[in-house]
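Next up: just one chain, as structure tokens, the form predicted alone.
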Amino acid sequence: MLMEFTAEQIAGLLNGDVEGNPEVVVNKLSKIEEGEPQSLSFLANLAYEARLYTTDASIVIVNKDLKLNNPIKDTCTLIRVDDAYSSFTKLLEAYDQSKPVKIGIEKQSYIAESTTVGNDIYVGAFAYISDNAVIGNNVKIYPQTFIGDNVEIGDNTIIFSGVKIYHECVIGKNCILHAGAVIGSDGFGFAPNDNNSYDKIPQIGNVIIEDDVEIGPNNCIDRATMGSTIIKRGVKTDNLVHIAHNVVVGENTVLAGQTGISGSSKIGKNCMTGGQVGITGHVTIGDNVKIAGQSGVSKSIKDNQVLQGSPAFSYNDYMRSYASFKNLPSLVNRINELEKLIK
């Protein structure tokens, strides 16, 4: 539940214009299709425009340039802003920051005497922090988390329940690691021997996660064989992402669920992958590359490419090829008929 706010107060926070009753009050948030009285919603995707005219939400945030095609309900007040999506996000951030802040060290947790901890930290029950770790100010470590030897965690970082951070890894400031993430497990390094089995190659590197990174639940980021696996500033990953040893992921790149990146590949900055994208090892992906879901990348890609398919190639070429591919059955039938006529 939110505190109560009027449309006029919300418009003042968002630098928006009220269209309707400025005194109407809301105390909760809702999706526009599930709007109910005293709730605040927003419309950013015009695919949901029809819902605007039927919603029971008391306040809806919309873009200033939105033209109404039908009348809205008398019980609904609009707040017009430059960007409805970013404005609603701003409200969500304010709501999230209004929650009580956890501070203190709960019973049944363990912090090694050699560990250095900052001010205003939170450590949940059954968390284990190993020797010589360095924990910054305002770090939140939730229950059942493991922090290995010599790990460094920067200020204002949140480590949710069940995260495992192996020895020597470095986590930057203002990061979020969601439940179940494993940072710094061994890279997949094995050498075949004369006995048709495999010898394990020691993985002596680490993982470095720079500032402002968010790692999704159940991600696995492997430590480098030598040197570092590096996740650069501003990277965001979805659920179930795997990043192998010695990979470098560039600034502000976004990886959707079940993306897998094989060892020693380099991903540029400002890239995007759809779900279930696979990238083979030892390739370089340029900056500003977009890879559609379920694509497989087996070679290096230059800057500013949009790819789809497995193996992936130009998105426009893929769509043209797909248009031909789905017509193959009828084309085969036509060829068979022509062969019959020729005979």
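Keep in mind it's a predicted model, so treat the numbers as computed, not measured. In case it trips you up, residue 1 is the first one in the sequence shown, and so on.
FYI, the form predicted together with another copy of the chain isn't displayed, but the following is about it.
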So which of 157, 77, 87, 219 reaches within 4.5 angstroms of another copy of the chain in the predicted bound form, heavy atom to heavy atom?
219
Within 4.5 Å, heavy atoms only, which of 284, 304, 294, 27 is in contact with another copy of the chain in the predicted bound form?
294
Residue-level contact is defined here as any heavy atom of the residue lying within 4.5 Å of another copy of the chain in the predicted bound form; does residue 152 satisfy this criterion?
no
At 4.5 Å between heavy atoms, is residue 15 in contact with another copy of the chain in the predicted bound form?
no
Although another copy of the chain is absent from this view, report whether residue 134 comes within 4.5 Å of it in the predicted bound form, heavy atoms only.
no
Is residue 93 close to another copy of the chain in the predicted bound form, meaning a heavy atom pair under 4.5 Å apart or at it?
yes
For this chain shown on its own, do 125, 167 and 270 all sit within 4.5 Å of another copy of the chain in the predicted bound form, going by heavy atoms?
yes
In the predicted bound form, residues of 227 to 245 near another copy of the chain [heavy atom within 4.5 Å]:
227, 236, 237, 238, 239, 240, 241, 242, 243
